[in-house]
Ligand SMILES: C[C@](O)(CO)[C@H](O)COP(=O)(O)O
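Coming up is one lone chain in structure tokens, specifically the form predicted alone.
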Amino acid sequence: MGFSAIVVAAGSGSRAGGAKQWRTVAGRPVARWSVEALLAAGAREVVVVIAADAETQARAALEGLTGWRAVSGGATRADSVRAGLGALNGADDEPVLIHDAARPFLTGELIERLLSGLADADGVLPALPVADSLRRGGEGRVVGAVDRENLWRAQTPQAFRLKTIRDAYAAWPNDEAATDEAAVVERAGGRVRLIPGDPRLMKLTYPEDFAMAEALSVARTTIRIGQGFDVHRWGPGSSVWLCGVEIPHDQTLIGHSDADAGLHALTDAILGAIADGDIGDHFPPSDPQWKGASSDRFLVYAAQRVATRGGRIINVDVTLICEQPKVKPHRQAMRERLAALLNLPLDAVSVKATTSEGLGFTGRGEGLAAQAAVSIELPA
């Protein structure tokens, strides 16, 4: 069933310490989790409602994703939802899911149940029964109990037909705050179906919620390992590029680009971890635009391919195999360069060097070899 979606990401997040929708959980911006889930479930379009000054943050957080666009929200959540509804261009009967960006762990299974629930209802609300006993309090003491029977914790996304929710908001009093879209449709006389929610679909409200979200995200990811290997021969020159650092030397490595074997091996390792071909597929040596190109570009491109899949690089390890030049004096600079290119902490980047004890082409000084390993985390 085709549908569109609105992700409300215009709040200030003051209780969470500010702009929680752009903070990261498991290496991914909070808002990206939901937009990815909606697009993966088949959303025709996703409108992301943002603060007027947040366009740069939104584009950075959702880089590499297609099928979404941003619109500016309003002073209240209801105003932001209205802005999102005004931006949709679907038919009157098209289902629309309205979701809070602060709930990152949206699943395709819940989306499917929401859409199915619209078959004979004006709206669908996912909710969880209240499990804890409830108390009223005042002045630091208990003043009464609350019966929790028939009480539910409402979640998002909530599902409606586009015309239903537009008409309901048009009838909503401007001087009254709407708790959520289900309340708006109920006020207009609509029937909202209650379906089981998802305990994992927690709302990030306070700073401590992010620690819980990080713990929950572990169960939603898989670890991939990639390895790469590259060789270049020595030729006339006065310096050599290794792991993004130029080293004075009486020879240079020969290749179509800058022949940085360390970066080439690492780029292949990253592409291999996501089964995305190899460096030659993406940057063929037959293409003149890559002649003399800096291999930094190749590595950053491969890292962006991981980010587009919703993944993150955990750590990298590069080994250079050569008799010359001496790598140790430059190793720290290489680690720092790789950490900067990949946006990794320094302790997640290793660069080592070894010789082949005079054996083989590296031992004879005919060329240099590099091998690399990488671990990445991808959504399960």
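In this text, residue numbers run from 1 along the sequence as written. No experiment lies behind these values; they were computed from the predicted model shown.
There is also a form predicted together with the ligand; it is not shown, and the following applies to it.
S.K.: Given that the partner is absent here, state which listed stretch (241-249, 302-310, 149-157, 87-95) has heavy atoms within 4.5 Å of the ligand in the predicted bound form.
M.R.: In the other structure, the partner sits against 149-157.
S.K.: Taking the ligand as it sits in the predicted bound form, is Ser116 near enough to touch it, meaning that at least one heavy atom pair lies within 4.5 angstroms?
M.R.: Looking in the predicted bound form, residue contacts with the ligand do not include Ser116, since no heavy atom lies within 4.5 Å.
S.K.: May I ask you to check whether Asp122 falls inside a 4.5 Å heavy atom distance of the ligand in the predicted bound form?
M.R.: Asp122: no contact with the ligand in the predicted bound form.
S.K.: If we define contact as a non-hydrogen atom of the residue within 4.5 angstroms of the partner, is Arg166 a contact of the ligand in the predicted bound form?
M.R.: Arg166 lies outside the contact set for the ligand.
S.K.: Any of the heavy atoms of Asp100 lying within 4.5 Å of the ligand in the predicted bound form?
M.R.: Yes, Asp100 lies within 4.5 Å of the ligand in the predicted bound form.
S.K.: Ok, His232, His282, Arg77, His256: which has a heavy atom sitting within 4.5 Å of the ligand in the predicted bound form?
M.R.: Only one listed residue qualifies here, and that residue is Arg77.
S.K.: Give me the residue from Asp180, Asp209, Asp198, Asp296 that has a heavy atom within 4.5 Å of the ligand in the predicted bound form.
M.R.: Checked against the cut-off, the match is Asp180.
S.K.: Across 110-141, which residues bring a heavy atom to within 4.5 Å of the ligand in the predicted bound form?
M.R.: Counting only heavy atoms within 4.5 Å of the ligand in the predicted bound form, no residue of 110-141 makes contact.
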